[in-house]
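Just the one chain here, the form predicted alone, laid out as structure tokens.
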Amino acid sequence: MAQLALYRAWRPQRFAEVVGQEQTVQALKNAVRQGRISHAYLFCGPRGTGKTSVAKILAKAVNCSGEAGGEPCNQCFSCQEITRGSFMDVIEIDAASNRGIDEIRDLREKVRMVPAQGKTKVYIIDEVHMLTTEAFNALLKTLEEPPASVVFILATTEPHKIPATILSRCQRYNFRRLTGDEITSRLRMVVADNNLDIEEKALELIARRAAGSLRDGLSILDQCQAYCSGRISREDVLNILGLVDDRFLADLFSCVLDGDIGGIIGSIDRAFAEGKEAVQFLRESSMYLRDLLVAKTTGELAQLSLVTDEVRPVLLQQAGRVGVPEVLAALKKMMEVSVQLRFNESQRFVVETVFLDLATTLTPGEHAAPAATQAPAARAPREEIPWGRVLDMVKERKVTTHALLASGRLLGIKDDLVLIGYKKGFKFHREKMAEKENRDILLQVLEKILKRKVEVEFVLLGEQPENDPVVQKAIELFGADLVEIID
């Protein structure tokens, strides 16, 4: 006989066993105790937060012959049959599979029949938002004039898709996501009861990745139990779920902030070598960026979704190096690429490209236009290059070329020569930009903007470009008023 999954074995059987949802549970217990049961309920909330479990407990409570204080006794015939799933008067319908008008018409015909085994017939319709418009209209007629012995419990993760006419005829209860502490506490009970050997950090990681869903947390624990023969470690959980460690992400984003292209490529190589999926990798990276944004805005008090206390100091240090607009732009870019990734076969290349692009996005002021300077009256008017426009047009042609170019600095232009400098740490960028494909893209853009053909030269600068010999040489060639360093 197959072993019962943990989330089924630990499904609450009484209101008191429900994790979280205190207000909803108390209201329903009071309604049962006072005999004030509504004919229709709507349970809304994220998946795995207890909607179906509470619906079944309510079904037991309204049919229980030994009910006390609003709680089902779990000892009488009705309670035991409902627990086993064989009670004829509790009917579960999956609206995702039975969404048409024919199914609801069949329900309308049967709803008039008196209960066969218990006191009240209970219809639990899961994912009710999946019903068609015609099916909703048919259901509405039943909700308008329900038989006295029937209770409808509608459950949904998307209440905004339910017609207002249905909403107005239901008592609505909102189920919230569970906190990490609530999930961890229940997981500890399960671990103790099943004599599992698991690290506390592994439990905390499972609770974090459950994202407010106790059912998901129990499913992950079940998966770990099947995967590991001995002690379950935090690394085991990461490997099972294909997750990226927050320490790894911290190191990767340090490379991004430093413009360390070699470090970025090396980190991505390691992630793919370990079998990480591109979609999951970007999802984890987005969560890290979210924590970076929260840390930037709230500091030490930040409530983090991915980063642990061990890595928090690194995150806070990184938050001090970036601005909110840059992080928001990076998050937007990461989410856009995550959506596009599923339609792209070259997933690794896409991941590398987005991180190379982030190396410029997360650098404050990198795209800022130069401050206006007025040329001396004795000289001819200076020719200016709209550097921001150049970068935008290059990006439209090729994102990787844009990432390489944006790390450089426009030193100046005279006649038909454009000089672009790179700091020592960006030698890789300079060398790649000098390659024919990238150089040609830039030249095409410059020609379109300047309305003539030009040449371009990429040079390597020292740590302080303003005092660099190359810059001084540029000043000699172009004149001090024609040289600018765009940061």
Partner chain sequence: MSSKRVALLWGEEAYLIEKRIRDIIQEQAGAGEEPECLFLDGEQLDRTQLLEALEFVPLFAHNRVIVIRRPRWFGQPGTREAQGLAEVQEVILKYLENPNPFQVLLMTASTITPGNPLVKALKKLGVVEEFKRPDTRTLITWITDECKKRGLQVENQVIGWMAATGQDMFYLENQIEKLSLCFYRRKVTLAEAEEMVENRLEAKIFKLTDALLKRDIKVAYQALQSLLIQGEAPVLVVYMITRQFLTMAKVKGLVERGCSPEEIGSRCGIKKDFVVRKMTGAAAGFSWDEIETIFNQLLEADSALKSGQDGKLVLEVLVVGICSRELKNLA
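Because the structure is predicted, anything quoted here is derived from the model rather than measured. Positions refer to the first chain, counted from 1. What we label the rigid core is the largest C-alpha set whose atoms superpose within 1.5 Å from one form to the other.
In what follows, reference is made to the form predicted together with the partner chain, a form of this protein that is not presented.
Comment: the partner chain is not present in this chain, but in the predicted complex one of L417, V191, I91, L328 has a heavy atom within 4.5 Å of it, namely L328. For the residues R172, K201, K395, R312, the 4.5 Å heavy atom test against the partner chain in the predicted complex is passed only by R172. Shown alone here, G242 lies farther than 4.5 Å from the partner chain in the predicted complex, counting heavy atoms only.
In the predicted complex, at least one heavy atom of A31 sits within 4.5 Å of the partner chain. Although the partner is absent from this view, E336 contacts the partner chain in the predicted complex, with a non-hydrogen atom inside 4.5 angstroms.
When the partner chain is considered in the predicted complex, S65 lies well away from it, no heavy atom lying within 4.5 Å. Between 283-291, 214-222, 400-408, 384-392, the stretch whose residues reach within 4.5 angstroms of the partner chain in the predicted complex through a non-hydrogen atom is 283-291.
With respect to the partner chain in the predicted complex, the three residues R84, T179 and S185 uniformly fall beyond 4.5 angstroms at the level of their nearest heavy atom. Counting a residue when any of its non-hydrogen atoms is within 4.5 Å of the partner chain in the predicted complex, the hits in 83-111 run R105, R108. T165 is not among the residues whose C-alpha shifts by 2 Å or more between the shown form and the other one once the rigid core is aligned; its shift stays under 2 Å.
Relative to the superposed core, S338 undergoes a C-alpha shift of no less than 2 Å between the shown form and the other one.
Positional change of I240 between the shown form and the other one stays under 2 Å at the C-alpha, relative to the superposed core.
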